[in-house]
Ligand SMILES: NC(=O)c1ccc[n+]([C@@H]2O[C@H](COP(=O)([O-])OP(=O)(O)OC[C@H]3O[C@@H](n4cnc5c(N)ncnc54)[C@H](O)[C@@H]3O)[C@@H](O)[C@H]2O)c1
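Presented as structure tokens, the chain that follows is alone, the form predicted on its own.
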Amino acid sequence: MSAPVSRRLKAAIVGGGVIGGGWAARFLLNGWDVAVFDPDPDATRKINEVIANARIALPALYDKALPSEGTLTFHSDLADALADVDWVQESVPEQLELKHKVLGALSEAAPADAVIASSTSGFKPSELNAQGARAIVAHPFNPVYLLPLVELVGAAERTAPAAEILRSIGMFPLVLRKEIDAHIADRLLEAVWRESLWLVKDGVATTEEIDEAIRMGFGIRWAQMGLFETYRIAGGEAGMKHFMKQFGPALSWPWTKLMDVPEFTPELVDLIAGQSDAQSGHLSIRELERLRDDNIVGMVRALKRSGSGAAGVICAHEAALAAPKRREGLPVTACRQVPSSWTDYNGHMNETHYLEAASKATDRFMELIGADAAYVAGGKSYFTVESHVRYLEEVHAGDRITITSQVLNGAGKKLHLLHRIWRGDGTLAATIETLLLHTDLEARRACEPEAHVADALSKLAADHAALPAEGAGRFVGQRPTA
């Protein structure tokens, strides 16, 4: 009797605007089936455009391949969209009467064990559920498919399982201790937004100058440490107490207008809109989104080395991602998508990154034979002494590549590997032949590997000995054989 086939998890997205589209992309690219319900006749186009951007950006954060993409469907009937659903995400406009109507219908029609979540940026669960709905707040940040933060508000028995699901798709659920209007992050942003409106209205700064003040200074600091850690450092060796003592009195000075709201007159709206158009009106919204995504990917990837900020969430999610173990009798040592930053002016992967990909594969191979981080910390490792790359086929941004590693020689101090880079369509794109020497890190001299490493390597070498090794032993400029 065959084992039952487990179905893929399914999310329903109700409301397909910017936030709904981002949720659809986040679930879809993490292997969930996604059903979209939105009466807007342009919903299909808009969501597909958001997902097209996400297909480029989200995998670029990872050095492992994301799960195979789920199935995206669009529905005109709400019941069809909610059939067998595990998560329902409401992202309709911020009108409480509309949310009551929609969340009531979702609570009635969705399976009893499905999470029903609202993307609301301001309303509390008690307000959303005042007419009998059973929703929690799951407030994300744009772009939902890149930024990990989700503010969760609601009863613990509902937010706890929701948090586990969100972690499984690479997000960071922040569970609020109590419900409050606008949650946490938007209350902070509201303060900056109000003060910025006054600065523009009073002619102190333009929209562009305010944006420059953020992105050239404290915006970069906040991305990796936040507010309180940043100010702790500002206190010097004496720490936070010194900072509070030094700058605390400034809180009573008339520096801000946080308790005073500028009137949203047509003149103020025209002033801000005009400055914003002058600042970035030469770019379409899709171009601005791609620029934003590229910038976020670059900053988060830079933070992966230390695991700070949002990069810590990516590292944890990446470690949990499943990967194929073998291909054509060889261990798979890398499986990932090629980021746009790896491509050059010709539009294909730069030669530098073939070696980078191979070095990641070598690191993984070392883990397989026991020469892992603990082994290196103990004072032993393998050093690369020679490499030879054959570029066989073009590789482009967005291509999924798989790398296999074959042992050509594992005797004594030498580790001789042949990496093969396969494109997602099954084409062999490159081979990288690499010779490494086992080294004593303290003496900085070659030495014999420890017994458990030598044994694991010897076994793999024997397993790989009968496999073909086309391309191995070549040198630069060698003519191909007839």
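Note that residue numbering follows the sequence shown and begins at 1. The structure displayed is predicted, hence computed values, not measured ones.
Omitted here: the form predicted in complex with this ligand. The next part is about that form.
The putative spot formed by T362, G370 and V453 is not touched by this ligand in the model of the complex; no residue has a non-hydrogen atom within 4.5 angstroms of it.
Using a 4.5 angstroms limit between non-hydrogen atoms, S91 touches this ligand in the model of the complex. Heavy atoms of D40 reach within 4.5 Å of this ligand in the model of the complex, making it an interface residue. For the chain shown alone, L98 is a contact residue for this ligand in the model of the complex, at least one non-hydrogen atom being within 4.5 angstroms. When this ligand is considered in the model of the complex, A465 lies well away from it, no heavy atom lying within 4.5 Å. Taking S280, N409, S306, N142 one by one, only a single residue has any non-hydrogen atom within 4.5 Å of this ligand in the model of the complex, and it is N142. Considering this ligand in the model of the complex, the lone stretch of 433-441, 32-40, 420-428, 53-61 in range is 32-40 [heavy atom distance within 4.5 Å]. Looking at 14-51, the residues that come within 4.5 Å of this ligand in the model of the complex, counting any heavy atom, are V14, G15, G16, G17, V18, I19, G20, F37, D38, P39, D40.
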